[in-house]
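Single chain ahead, written as structure tokens, the form predicted on its own.
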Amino acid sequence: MFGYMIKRFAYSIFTLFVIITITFFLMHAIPGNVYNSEKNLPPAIVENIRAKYGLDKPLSEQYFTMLKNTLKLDFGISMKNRGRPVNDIITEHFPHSARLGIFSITLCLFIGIPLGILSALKKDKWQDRLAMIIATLGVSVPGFVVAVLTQYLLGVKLKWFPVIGDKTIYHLILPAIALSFLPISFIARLVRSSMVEVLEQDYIRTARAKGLSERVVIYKHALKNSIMPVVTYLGPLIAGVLTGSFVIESIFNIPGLGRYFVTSISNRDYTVTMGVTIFYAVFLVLMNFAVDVLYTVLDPRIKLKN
């Protein structure tokens, strides 16, 4: 176990290094720069801006400076947000994305898994067809369409929920529905396909032959082995949802990290882009590692080997 963790840690460091390197050079390869949006700036001011943020130095020197600062967890100063430290931007706006993400993941698990179980147990019946129609819609309909529809119908017309902001749990309901609609559908399909296969296994027949109740057979034996594909999916899902969705946050006016990330790319705000990318990459690596450990909890037959 310890040897596996050391090996996985080394792979994670290398993965982060590759992500940081590719992101850095891609950002600098995009045409334009941070002061392009300013009209008719005198050359002297442009040079001062470049010197202030180190953009006048060779690209290789900028790269190694960025790596050195990253090791110190210093992501620098934003070039477009009045000189605010990137660390402060992440600290301030990540909680907004995290609250929405946690609520969305809760909906994904408490709706997607039961929907998949129902579909598998009622295979080829109307409940199965209805569940798969819903799942297909979830995969097919873009999230921003779901967001606008729920905002208009449930918020504007019926006035059941607030349509902007994230001050209370009620403000999060509509954006959480929009953000979780696709994952719910995907999880339902994963659970259904896996459980249909598991229910045909010999040990399920043996459990039923022993006289165990159907609830015990389903939730103690079948679900435990059917949930593995969902666990695999949860790693990147949690990392992606918790760090924010630009589209959903924009529609519902939530000041999350996703909005800052996309805006920083369009503004050529290199430091914010790098800081949020590194933050997201670390989060994703940690979630994938947690998924590997969770495998051994759900299935003792799986061992983490060196």
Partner chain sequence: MQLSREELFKPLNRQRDNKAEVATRPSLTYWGDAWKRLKQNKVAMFSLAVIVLIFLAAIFGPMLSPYSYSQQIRGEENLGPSLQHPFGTDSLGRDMLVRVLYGARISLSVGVVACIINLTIGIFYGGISGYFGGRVDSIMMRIVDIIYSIPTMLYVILLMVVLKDRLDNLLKLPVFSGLQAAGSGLISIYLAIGLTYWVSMARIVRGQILSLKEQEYVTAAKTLGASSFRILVRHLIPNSLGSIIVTTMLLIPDAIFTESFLSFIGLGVDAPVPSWGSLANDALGSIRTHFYLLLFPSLAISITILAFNLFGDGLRDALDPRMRK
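Residue numbers count along the first chain shown, from 1. Rigid core (definition): largest C-alpha set, two forms, superposition within 1.5 Å. Computed from a predicted model, the values in this text were never measured in an experiment.
Absent from the display: the form predicted together with its partner chain. The rest refers to it.
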>> Only one of 87, 127, 232, 193 gets a heavy atom within 4.5 Å of its partner chain in the predicted bound form. Which one?
In response: 193
> Of the options 66, 55, 237, 265, which one has a non-hydrogen atom that comes within 4.5 Å of its partner chain in the predicted bound form?
Replying inline: 265
>> Even though the partner isn't displayed, in the predicted bound form is residue 13 close enough to its partner chain, meaning a heavy atom within 4.5 Å?
In response: no
> So in the predicted bound form, does any heavy atom of residue 73 sit within 4.5 Å of its partner chain?
Replying inline: no
>> With the partner left out here, check for me: in the predicted bound form, does some heavy atom of residue 62 sit within 4.5 Å of its partner chain?
In response: no
>> Considering non-hydrogen atoms and a 4.5 Å limit, does its partner chain approach residue 148 in the predicted bound form?
In response: yes
>> Need the contact residues for 257-282: heavy atom within 4.5 Å of its partner chain in the predicted bound form, sequence order, or none if there are none.
In response: 261, 262, 265, 268, 270, 273, 277, 280, 281
> When the two forms are laid on each other by their rigid core, does residue 266 show a Cα shift of 2 Å or more between this form and the one not shown?
Replying inline: yes
